[in-house]
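Only one chain comes next, encoded as structure tokens, the form predicted on its own.
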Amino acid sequence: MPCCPPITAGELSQADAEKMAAMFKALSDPVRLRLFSKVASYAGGEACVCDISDVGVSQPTVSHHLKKLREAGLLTSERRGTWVYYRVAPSVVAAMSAMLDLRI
């Protein structure tokens, strides 16, 4: 899903703008941003949904927000038994960062 040259390189295509907007929109929710931060900073680089709590919402709501982050391409997930483990998708985050690079 990574895309997009730096924003200073030229106008984004419609498709690239839609991809990037979906990612930024997913992160624009404070609960999702906290969840993304928790997964990114978790020991070993991955977090079990069973270990993610204390973000001010119920566990079903946590699962909903994690799903939205995954659908936006910001997280990857892997089911192990009854639990789902989440990791940040580093190439996608790198693409978001590169797009916002204002160096000329």
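So that there is no doubt, residue numbering starts at 1 and follows the sequence shown. Quantities reported herein were computed from a predicted structural model and do not represent experimental measurements.
Missing here is the form predicted together with a further copy of the same chain; even so, the following discussion is about that form.
Given a further copy of the same chain in the model of the complex, answer whether the residues 50, 67 and 76 all have a heavy atom inside 4.5 Å of it.
No, none of 50, 67 and 76 comes within 4.5 Å of a further copy of the same chain in the model of the complex.
Just checking whether residue 93 would be counted as a contact of a further copy of the same chain in the model of the complex - the rule being heavy atoms within 4.5 angstroms.
Residue-level check for residue 93: yes, a contact with a further copy of the same chain.
Evaluate residue 24 for contact with a further copy of the same chain in the model of the complex, applying a 4.5 angstroms cut-off between non-hydrogen atoms, and reply yes or no.
So residue 24 counts as contacting a further copy of the same chain.
Any of the heavy atoms of residue 10 lying within 4.5 Å of a further copy of the same chain in the model of the complex?
It does: once a further copy of the same chain is placed as it appears in the model of the complex, residue 10 has a heavy atom within 4.5 Å of it.
So in the model of the complex, does residue 71 come within 4.5 Å of a further copy of the same chain, heavy atom to heavy atom?
Answer no; every heavy atom of residue 71 is more than 4.5 Å from a further copy of the same chain in the model of the complex.
Select from 19-44 the residues with a non-hydrogen atom within 4.5 Å of a further copy of the same chain in the model of the complex and write them out in sequence order.
20, 21, 24, 25, 27, 28, 29, 30, 33, 34, 36, 37, 38, 40, 41, in sequence order.
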